[in-house]
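Here's a solo chain for you in structure tokens, the form predicted on its own.
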Amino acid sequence: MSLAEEYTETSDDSRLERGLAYVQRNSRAYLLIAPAAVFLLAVVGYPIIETFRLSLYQSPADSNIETFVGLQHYVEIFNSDIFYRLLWQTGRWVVAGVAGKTLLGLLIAVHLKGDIRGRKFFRTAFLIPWGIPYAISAVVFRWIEHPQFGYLNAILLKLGIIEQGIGILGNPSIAWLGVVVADIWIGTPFMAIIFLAGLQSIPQELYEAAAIDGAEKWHQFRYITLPQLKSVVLIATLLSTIWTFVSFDVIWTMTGGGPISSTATLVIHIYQVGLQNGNLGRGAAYSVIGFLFLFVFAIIYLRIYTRGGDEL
């Protein structure tokens, strides 16, 4: 046996022994989390595996007969123009929604952390949008943006910005903006509360020391607040991205994916193909693609934010 082989074998044995010793030391912890792990595998792992299996079959919703077609659904999806249009519309929806909720949530949290009059009232009031069912909020915004009876057009007409009512949700070019506004209104309270909790955990001594050194408010925000909020922003934006990506209620209630499919996202299309049109195999293939997008995004996102040895 060469020296290199002997070293490799010794190294592998040592690594295995360390691994076994680590498991033995933490055997009680593994035993305690075992029921939760089994439960998660049952309710999360099985649907994922079944969806992937279904994507390999031609499976009409009105029949029990399944025909194996392999990767045919994936090939047809990647060769279709609809898929790439859906990717663009989904990306636009997610980026605009998450950016709006993050910026507004951070702005609200910074002001709520300050010593303002009625702070407790505002903290409670900002939770109201989060507590209203998404479908009801979407209906309210559909009326707000109504071209004849909506408050938005009434205000714009009063200010002289427009000369006649605009049918926002009926215009394929700007309908997505009308839906994004509703989504931002619904999701901002969650971001604000999460950021507020993070802000309150930052030691006040850091700001006092910075003030003594002559740092202005903007520099305190940039060099103290943002770095200290890094892990909170990571978790909040990651969750918001996933929730916005899979969001269905708001879009479906306000526009049904229209007009001319201009507000349809990948999730809306999965519902239309799989359940409305009864093509379960094609809908499952779209679902697998969406899952892989989110999975890869989450891994890349976590690696970028944990670069440098920081841990969540």
Partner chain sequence: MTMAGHDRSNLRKVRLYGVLIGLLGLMMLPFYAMFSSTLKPESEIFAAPATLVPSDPSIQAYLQVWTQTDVLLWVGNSFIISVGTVVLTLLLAIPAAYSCARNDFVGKRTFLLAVLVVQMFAPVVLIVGLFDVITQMGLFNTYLAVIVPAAAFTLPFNVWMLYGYFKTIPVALEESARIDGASQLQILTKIVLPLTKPALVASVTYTFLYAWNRLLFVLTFLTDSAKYNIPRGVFSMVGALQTDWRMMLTVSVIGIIPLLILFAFLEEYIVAGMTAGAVKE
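Positions refer to the first chain, counted from 1. Note that this is a predicted model, so its numbers are computed, not measured. What we label the rigid core is the largest C-alpha set whose atoms superpose within 1.5 Å from one form to the other.
Omitted from view is the form predicted in complex with its partner chain, to which the following refers.
Taking the partner from elsewhere, residue 133 is found to have a heavy atom lying within 4.5 Å of its partner chain in the predicted bound form.
Mapping the unseen interface onto this chain, residue 74 falls outside it, with no heavy atom inside 4.5 Å of its partner chain in the predicted bound form. Contact check for residue 294: a non-hydrogen atom falls within 4.5 Å of its partner chain in the predicted bound form.
In the predicted bound form, residue 274 approaches its partner chain with a heavy atom inside 4.5 Å.
Taking a 4.5 Å heavy atom cutoff to its partner chain in the predicted bound form, the contact residue among 202, 96, 210, 193 is 193. In summary, among the residues 85, 111, 92, 222, the only one with a non-hydrogen atom within 4.5 Å of its partner chain in the predicted bound form is 111. Contact with its partner chain, judged by heavy atoms within 4.5 Å in the predicted bound form, is confined among 172-180, 202-210, 119-127, 74-82 to 119-127. Contacts between 228-248 and its partner chain, taken as any heavy atom within 4.5 Å in the predicted bound form, involve 232, 235, 239, 242, 246, 248. In this overlay on the rigid core, residue 246 has a C-alpha that sits less than 2 Å away from its partner position between this form and the one not shown.
After superposition on the rigid core, displacement of the C-alpha of residue 118 between this form and the one not shown amounts to 2 Å or more. Relative to the superposed rigid core, residue 275 undergoes a CA displacement smaller than 2 Å between this form and the one not shown.
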